[in-house]
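In the form predicted on its own, a lone chain appears below as structure tokens.
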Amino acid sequence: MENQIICGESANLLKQVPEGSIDLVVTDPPYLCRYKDRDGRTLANDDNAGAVLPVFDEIYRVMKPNSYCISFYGWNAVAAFTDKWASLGFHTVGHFVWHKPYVSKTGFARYCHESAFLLAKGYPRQPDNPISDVQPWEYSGNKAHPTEKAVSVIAPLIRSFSKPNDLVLDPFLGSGTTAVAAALNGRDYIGIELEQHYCDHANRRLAGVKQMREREQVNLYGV
């Protein structure tokens, strides 16, 4: 299953992944907030905790002992996420915040950040050069997906918490950013996404990465 985008329901598809085979998980699940963007786009299962939280059972199973999972989350559903993670045995070992230079929404406050928890299965080795827990944000434009993260947001996480040739999993792949960031940084990947049109878009992005790599080899070796 390495270096593939698989379309379907993650909790079931992850059962095909061998236990203890994943080096790093980086994922951006539905926030359970019934999100709707300015164009009226919504996210599948964003109102269904029963379809989102059980995926973490399988995430925990397929992760290697002493490895990391980085998960974005919705602040309004933080208790549901953290309770689930704790029940599986994850340890919270860090937390990242990205400050946005713009306001996503105004309600009781002006919402202008994203955040993710750094979770550990077991007791993984700390990074040799830890990154800051406050990270710069780049706006993706959300053209392909209503909550699309830029590669520049995800890539530092992959570089810090995995090694070249490690296998990175994202079971809520969306438009494919985690897989693209993994491929660009010399990691293998498995991406799972529920909606076919996002799977198709992710595969097109990865085909572009492959073509870019091939051009680089031609320039480097003259072949």
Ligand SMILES: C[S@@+](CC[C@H](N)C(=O)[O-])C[C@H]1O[C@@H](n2cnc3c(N)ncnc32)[C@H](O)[C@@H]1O
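All values reported here derive from a predicted model rather than from experimental measurement. From 1 onward, residues are counted along the sequence shown.
The same protein also exists as the form predicted in complex with this ligand; that form is not shown, yet it is the one meant from here on.
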Could you tell me which one of Val62, Ile70, Leu43, Ile158 places a heavy atom within 4.5 Å of this ligand in the predicted complex? Leu43
Touches this ligand in the predicted complex: Thr82 (any heavy atom, 4.5 Å): no
Examine Thr147 and determine whether its closest non-hydrogen atom to this ligand in the predicted complex is within 4.5 angstroms. yes
Given that the partner is absent here, does Ser162 sit within 4.5 Å of this ligand in the predicted complex, heavy atoms only? no
Close approach of Phe56 to this ligand in the predicted complex, 4.5 Å, heavy atom: no
Scan 158-177 and write down, in order along the chain, each residue with a heavy atom lying within 4.5 Å of this ligand in the predicted complex. Pro171, Phe172, Leu173, Gly174, Ser175, Gly176, Thr177
